[in-house]
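Next comes just one chain, in structure tokens: the form predicted alone.
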Amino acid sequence: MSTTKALQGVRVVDFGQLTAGANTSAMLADLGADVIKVESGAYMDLFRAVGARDSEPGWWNRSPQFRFTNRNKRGVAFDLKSEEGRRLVFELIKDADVVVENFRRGVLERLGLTYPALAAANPRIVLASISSQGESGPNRMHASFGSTLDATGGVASITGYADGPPAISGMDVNYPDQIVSLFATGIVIAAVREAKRTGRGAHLDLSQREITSFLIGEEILAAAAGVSATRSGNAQAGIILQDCFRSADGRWVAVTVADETAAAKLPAPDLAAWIAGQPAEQAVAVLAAAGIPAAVSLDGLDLLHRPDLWGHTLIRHEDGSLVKGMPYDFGGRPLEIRRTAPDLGQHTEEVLTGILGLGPAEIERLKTLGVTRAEPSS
């Protein structure tokens, strides 16, 4: 088996939404798992409707955010609110290894898709529940986005300037969601390996808030000792100067002056004024030559033209579209985009026929009932 398809033979039933859930299953797909994303006309991944919609039919299949987070998957349209739709899902799960979901707590219970029910259909199934606050506790029913996780996880309290409010990473970054999907992917892989060894699956309780708090564990321990962290912008304790300065061409230059020895190498006493009189690249070159860490603060357009990012941060599919890359490779061989993100219900018939063994008459019946409807209900 190719190392770039390390999870070949693993099947994932994906209910993941937005980033935390859908990006977890996308990384499993990148590693070779057969990921089947389950949506319906009545309940699409919310990323399909993010941003400005065009007026042409099929707008729900053209979201860049959805395309970035759902590469390498197959997509089916099964209406989970219908008895027939739920029956089809259980048939899929009988021969699957993993179910990924990040619904609000209570949704799985209402749909009859609890872990005991899934395990009864398939004892080796691994259910990865990537929820806001975890499966238990007084806040389990709370929903969240990256901004609220920044706040409840404690990250926002140490981000920003001393005289300003706590800062959240916002929708453009959603830092907690990105990090949670990395943690979740590794935990799922470990659980699948154990399930293959023992024949027994597991319900993974992955609290996004708890993982976010884990990232600032040192700050929590310091607070317990009576040393509360304060927001300090770009500054860092023990460093003489660390900040971003605007250059003559309007770009920003990040500089770290670690100590007095480094300060003696500065090209001018007033660093901010000196950088303001230099083009950004020239300022960085002078500072780097003096042994002072400096870099131009790059934006998305800058990064788009960085050749070293292609194949990792960004990948261009054979159809010309851009998708999010993978943060790892195997022996210098980057992973591949084998298929672009699916249109809503694109592979429904393929899965019904090839996996569930249904014939044309049954497939047509399901379509007539609206179970496999692949257009938004409104």
Partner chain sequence: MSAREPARPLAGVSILEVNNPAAPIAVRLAASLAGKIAADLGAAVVKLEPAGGDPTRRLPPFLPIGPEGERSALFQFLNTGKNAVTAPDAGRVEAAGILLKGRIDLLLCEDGDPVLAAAGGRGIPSVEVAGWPAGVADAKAPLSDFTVLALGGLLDMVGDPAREPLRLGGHQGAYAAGLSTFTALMAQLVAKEAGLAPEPARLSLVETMIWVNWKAICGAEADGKAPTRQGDRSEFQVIPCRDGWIALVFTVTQYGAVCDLIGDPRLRDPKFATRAGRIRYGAELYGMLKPWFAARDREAIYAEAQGRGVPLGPAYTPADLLEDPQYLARGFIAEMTHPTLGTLKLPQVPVQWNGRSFAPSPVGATTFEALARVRAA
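Numbering follows the first chain given and starts at 1. Here the structure is a predicted model, which is why all the values come from computation and not from measurement. Throughout, rigid core stands for the largest set of C-alpha atoms superposing within 1.5 Å between the two forms.
Below, we refer to the form predicted in complex with its partner chain, which is not included among the displayed structures.
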Close approach of S136 to its partner chain in the predicted complex, 4.5 Å, heavy atom: yes
Its partner chain contact in the predicted complex: G277, any heavy atom under 4.5 Å: no
A374: touches its partner chain in the predicted complex, heavy atom cutoff 4.5 angstroms: no
A248: touches its partner chain in the predicted complex, heavy atom cutoff 4.5 angstroms: no
Option touching its partner chain, based on a heavy atom within 4.5 Å in the predicted complex, out of R110, K81, K265, R140: R140
Heavy atom contact within 4.5 Å of its partner chain in the predicted complex, the stretch among 86-94, 73-81, 160-168, 265-273: 160-168
In the predicted complex, residues of 13-49 near its partner chain [heavy atom within 4.5 Å]: T19, N23, M27, L31, F47
Cα displacement of G250 between the shown form and the other one reaching 2 Å, rigid core superposed: yes
Core-superposed comparison between the shown form and the other one, I240 Cα displacement 2 Å or beyond: yes
Core-aligned CA displacement of A288 at least 2 Å between the shown form and the other one: yes
